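Here you get one chain, nothing else, as structure tokens; it is the form predicted alone.
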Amino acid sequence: MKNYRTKIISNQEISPGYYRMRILAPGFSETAHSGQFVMFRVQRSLPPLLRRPFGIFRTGSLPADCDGLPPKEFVEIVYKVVGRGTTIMAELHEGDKVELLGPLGNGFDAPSCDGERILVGGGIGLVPLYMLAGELIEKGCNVRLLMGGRTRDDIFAVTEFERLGVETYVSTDDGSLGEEGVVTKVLERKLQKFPKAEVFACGPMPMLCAVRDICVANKTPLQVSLEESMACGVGACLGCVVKGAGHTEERPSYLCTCKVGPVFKAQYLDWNALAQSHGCGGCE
């Protein structure tokens, strides 16, 4: 983990309301893994004052300049404009100063390939799956990505996933792109075809609950990346705790998303408590 006082390389809208920001971060890629995140803050005296958490989309480096300077290492985040903080972010340009704390948290556990690897992402939940897909492809895994969104505007980076060698499937609730319907319907079909698959998912809680129920019914291993609000990102504020499996009043089990997660094996979480805290009922 390192605190970067750095600057923006680029900040571009890639789909209506979705932006990709590339930030100068020397040495970041040496320690970053799929599923980790950064805490981001604009370097100016304007609210919001607290850092905001954003998943890492990818890391990389730009070619060396003609004057012989070393390559510029960077980290990319993808965000959706939903409030005051992200509205400010969308107005930033090349050269603007920002602060990053990261990489933070525990990411995906990508074991050796002994079956199909199915990634399920909804909306901004696609972000942590890009690095994971690359890691799995490097290991020689067969990787399938199921991308879901309400409309075509919630689907992005399809070409980039395909360039990695990932087989992609797109579905939207309104049928404006790909198959019409929820992405979990596609998952049900794929698990019937690939019963030895392992699933990795990130997205809104109703989608994650449905993915979890499908995986339980099929006895399929599942890892999920949770999207929880965070104030510090290092486990100090305890604002992102979730209930673990087996939680009782006599033996409470609380898991700090920013320290233990944000990626969890599904069996370690109390899914009814998670669903209720996000206002979407309970899981089966």
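Please read these numbers as outputs of a predicted model, since none were measured by experiment. For every residue, the number given is its place in the sequence shown, counted from 1.
Keep in mind that the form predicted together with a small molecule is not shown, yet the notes after this line are about it.
Of the candidate stretches 122 to 130, 91 to 99, 163 to 171, 188 to 196, only 122 to 130 contains residues with a heavy atom within 4.5 Å of the small molecule in the predicted complex. This chain appears without its partner; in the predicted complex, the one residue of Lys243, His33, Arg52, Arg58 with a heavy atom within 4.5 Å of the small molecule is Arg52.
At least one heavy atom of Val78 is located within 4.5 Å of the small molecule in the predicted complex. Using a 4.5 angstroms threshold between heavy atoms, Gly85 counts as touching the small molecule in the predicted complex. For Ser253, no non-hydrogen atom is located within 4.5 Å of the small molecule in the predicted complex, even though that partner is not displayed. Within this chain, Leu222 is remote from the site of the small molecule in the predicted complex, having no heavy atom within 4.5 Å.
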